[in-house]
Structure formats: C-alpha cells, structure tokens
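Starting off, we have a lone chain in the form predicted alone, written out as structure tokens.
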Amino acid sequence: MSSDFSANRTEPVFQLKGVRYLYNGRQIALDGIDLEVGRGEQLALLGANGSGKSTLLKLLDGIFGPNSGTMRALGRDIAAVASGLDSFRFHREVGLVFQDPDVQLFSATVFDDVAFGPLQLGLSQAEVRQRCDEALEIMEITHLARRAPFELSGGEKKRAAIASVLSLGPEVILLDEPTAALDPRSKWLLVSLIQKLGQAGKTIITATHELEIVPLIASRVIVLGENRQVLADGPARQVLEDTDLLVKANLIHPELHYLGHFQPSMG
C-alpha cells in the first residue's frame, strides 16, 4: 500500500522549532520543542504520564496547531493542516492510532472500520477490498473481519485500529501507547507487527512508557521531561542505559530499577 506522497524526499518528515502548545490558552502542554524526524525512522517517544507525549503526537498528526514556534510536516506548515487546509490529503499520509482503540472503532464490523478510510477516497470497490485485505493481513486479523469491535479483546482492538490506519497507505504511523494494558502474549504480537511495519520502510513514532519494548521497536529515543521539554534525544540503547536520566524523567525509580529489565530477548 502506498499513498500519493509527493513532498521533497530529502526533507525531514517533521521539523519543529521552539514549538509551544497551551491547553485552553493557559496550561502548558509542550514548552519549546525542537525536533527533526527523518524518513523511515523508528522513534520512541518516552515520558512519564503528563509529560506531553500524546499532545505531541496530536501536533504531528495536525489535530492541534502550535501556539508558538514553527512546525512543518511532510513539507507543509502544520498550522494550515490543523485549520483544515489540505487536511484530507495530509491524513492520507500521516495516521495516528489513539491509545483507546474504541475511539477509532465505530462500525458494525472490523472490515467496515478498516474500509471507512479508503471509501472516503472514492476508490473502486475492488481497490477498497484490496487495501482492506492487505491491512487485515499485515495485522494478522483477517479472521476477525466480520466480527463486531465490541466482541474483540484489547489486543485485537489495538490491531484493528492500526489496520484502519494502514488501509489509507500512510507514510507515517503515530502510535500512542499501543501496548498499554495488554497481556504479555498480545504485547509481544503487537511489538512484532510494529517491527514488521518498520522493516517495510514506514516512519513510525511510538509514544510509550514501557521501556522494555523500546529496543525492539525503535533505534532512536526522545525523552520528554515533566517540564514538557525534551530531556534527551539519542540512540535507544544509550538513552535506556542512562539511569540518572530515566530517574529524572520519572520513568524509573532507582529502588525498583534493575539493568536486566532492558535486555529483552528476541526468542
């Protein structure tokens, strides 16, 4: 699946300079964010609850526009996207999977949810079915196509929500806490599927506070502090081995931390 993505291929996917965002015009959610994301990167966004991870993903998806600073996404000024200009085309290229999959699953069946986006593109019935079949297969939920979303487990809902984004063929996939509240088997399956998307060349940004999955899904890590600013930006292993940094970001407590926690097995 591919989109009509036509921005300059040498330009970063996202460029943020001094981005600030306020809730209700007064409560600081993000404060002076500088960030560049290249094409095809797999990046993890770490931070304690309330550090601004979800807000940053919504900015990257064009749901919000910054109150100050500059931000470009796929060669566009994100303020124009957030105000509705060029929004439709942009959201074919950047897909956000919300933390709560029920936000994205609203149809009678999983197939209908996955087909909703392609149907808005005016594609033929055959093209819509092809996109849906591919997305369901990638997420390994073809057998769930005719099930109602409320009949699914938490892990199945997460996979269906991702499939509903994949059916649009986005270049960039934003994931908000995709493994939260999943059992170990479902979590591992979802991690494996995220790896598969990265190997296919997608740009993937995953917000999480589950440190054990980070080395498996990202080569680069951004850490947001409780002051809503970037505390660190570097290779995943380097960031995860910086205990002082993780304590400062309230991602671990020194009394509960042990190094083996960050040595996940691939087997």
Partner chain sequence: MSSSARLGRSPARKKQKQSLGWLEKTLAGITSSIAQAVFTEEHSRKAGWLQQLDPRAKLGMFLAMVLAGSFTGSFPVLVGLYLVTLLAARLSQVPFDFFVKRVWLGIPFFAGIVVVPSIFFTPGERPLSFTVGSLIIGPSIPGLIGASIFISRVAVSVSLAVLLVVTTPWADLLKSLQALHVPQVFILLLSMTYRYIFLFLRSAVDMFEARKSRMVGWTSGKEQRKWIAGSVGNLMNRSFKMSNDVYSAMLARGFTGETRSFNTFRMEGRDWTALFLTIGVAAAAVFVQRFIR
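Positions refer to the first chain, counted from 1. These numbers come from a predicted model, not from an experiment.
The form predicted together with the partner chain is left out here; the points below concern that form.
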Please run the contact check for residue 94 against the partner chain in the model of the complex: heavy atoms, 4.5 angstroms, yes or no?
-> yes
| message | Contact with the partner chain in the model of the complex for residue 181, defined as at least one heavy atom pair within 4.5 Å: yes or no? | response | no
- Item | residue 146, heavy atom within 4.5 angstroms of the partner chain in the model of the complex | yes
**Prompt:** Counting only non-hydrogen atoms and a 4.5 angstroms cut-off, does residue 117 reach the partner chain in the model of the complex?
**Reply:** yes
As a check of understanding, the residue in 83, 153, 125, 192 with any heavy atom within 4.5 Å of the partner chain in the model of the complex should be identified as 125
In the model of the complex, the residue from 48, 63, 35, 216 with a non-hydrogen atom within 4.5 Å of the partner chain is 63
Given 192 to 200, 134 to 142, 71 to 79, 101 to 109, the stretch touching the partner chain in the model of the complex at heavy atoms within 4.5 Å is 101 to 109
Looking in the model of the complex, the residues of 19 to 42 with a heavy atom no more than 4.5 Å from the partner chain, listed in order, are none
